[in-house]
Ligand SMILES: Cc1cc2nc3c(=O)[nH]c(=O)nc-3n(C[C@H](O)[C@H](O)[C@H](O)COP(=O)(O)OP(=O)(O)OC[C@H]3O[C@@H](n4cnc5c(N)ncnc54)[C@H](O)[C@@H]3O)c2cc1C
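Single chain ahead, by itself, as structure tokens, in the form predicted alone.
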Amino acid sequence: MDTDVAIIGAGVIGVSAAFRLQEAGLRVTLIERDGVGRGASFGNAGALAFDDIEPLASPGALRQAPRWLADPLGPLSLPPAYLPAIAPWLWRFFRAANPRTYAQGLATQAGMMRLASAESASLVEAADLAHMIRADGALDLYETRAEFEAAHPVREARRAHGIAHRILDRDAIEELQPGLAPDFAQGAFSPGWRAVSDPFDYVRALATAAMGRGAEVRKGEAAAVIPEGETVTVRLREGGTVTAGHALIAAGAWSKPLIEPLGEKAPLETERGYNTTLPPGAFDLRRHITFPTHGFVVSRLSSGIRVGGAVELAGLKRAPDFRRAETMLAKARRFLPGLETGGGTQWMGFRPSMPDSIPAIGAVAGAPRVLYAFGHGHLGLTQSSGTARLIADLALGRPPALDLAPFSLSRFA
């Protein structure tokens, strides 16, 4: 046997799991085709958004979707040619947005966020990464009273789960973040919001900490996962194999072809997201800012000011449409009049998303040595520490810290 646990995917989910498993005394091999943290972990907003407990599949999203889809460069787009391929996923998304299923999803996400918040603090301390974490809160900004009131159910859901927020008038907004356009008269502030200095740097630093404890990284692309009695073999497309006591499929948007041959149904899609990262001095940004009506955020990273967001449902093969990044940047320039928009770097990434917004975490039915952790959507960085704890529980035979039934792929059987 080559290793105790073979982890397919060295994004933030796989690397976090590797650290926890190595910490527990297991030998870990990470299998990655593109390099540590080069997927969705590279270009996200850097948020540890433990307040974001509401599933994307929600009654509110259904109300906004027609207006967003009417704008080809708006917060949500779906190329007509991709509609036949994504239709089954959309049907499940609409079903998940009904009030009863949404309430169940809300409770599931709230429990996961409590675990993730606690485990994040523990992991950051164990890996000596506290210097990479900020706790300066987040602003949600609204241009009209109607937009602000439309977000009331979200604020109430958070309040019901013990998440603090503060309602802001224009003066309070200006105090927390000077330099905004006068359009924003109302907002909400989440003081518990945390962020990493840079998501790519964070994943690489965590990988370095895991390797310092003995973890290995092997470059290669997994072609198949084959359970064989007391072991699991990962066959590589380039040739060769890795044999392990357990395998973890954590390949993000590319997880589906690895797990479905094992008999699991995985309605996994990608929400393609876009951003532009401007030089560090582009704006005096004091904290993370979200523009909910427009579907994008502006965040402060050590690598610069990142303007990003949007959801493009277009699969893994369609060429990027960077007009979407340009549209968000133009809006950011209008909302933050002092923003210097030159010298930016554009990026597009694949957020792995389940139709009910709940990640897939568990063990393959009938093959308990094959574990899976993918489909975290916009919350991979946020939920990575909680996911790592659950995977370690499974691999070590411990009772899981959360009931895994809501996360199991069997919910789609």
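All residue numbers are counted from 1 along the displayed sequence. For clarity, every value in this text was computed on a predicted model and none was experimentally measured.
One more form of this protein, predicted together with this ligand, exists but is not displayed; see below.
Chemist: Choose from 175 to 183, 218 to 226, 99 to 107, 155 to 163 the stretch whose residues reach within 4.5 Å of this ligand in the predicted complex, heavy atoms counted.
Modeler: It is the stretch 218 to 226.
Chemist: Within 4.5 Å of this ligand in the predicted complex, heavy atoms considered, which of G46, P355, G386, G362?
Modeler: So the residue touching this ligand in the predicted complex, by this definition, is G46.
Chemist: Which listed residue (F283, F148, F291, W254) meets the criterion of a heavy atom within 4.5 Å of this ligand in the predicted complex?
Modeler: Of the listed residues, the single hit is W254.
Chemist: Mark L258 yes when one of its heavy atoms lies within 4.5 Å of a heavy atom of this ligand in the predicted complex, and no otherwise.
Modeler: Yes, L258 is a contact residue.
Chemist: Using the partner position in the predicted complex, report whether I8 sits within 4.5 Å of this ligand, counting heavy atoms only.
Modeler: Residue-level check for I8: yes, a contact with this ligand.
Chemist: Does the 4.5 Å heavy atom contact test between I13 and this ligand in the predicted complex come out positive?
Modeler: Result yes; I13 sits at the interface with this ligand in the predicted complex.
Chemist: Does the 4.5 Å heavy atom contact test between W347 and this ligand in the predicted complex come out positive?
Modeler: Looking in the predicted complex, residue contacts with this ligand include W347, since a heavy atom lies within 4.5 Å.
Chemist: Can you list, in sequence order, the residues from 50 to 80 that come within 4.5 Å of this ligand in the predicted complex, counting heavy atoms only?
Modeler: Nothing in this stretch is in contact.
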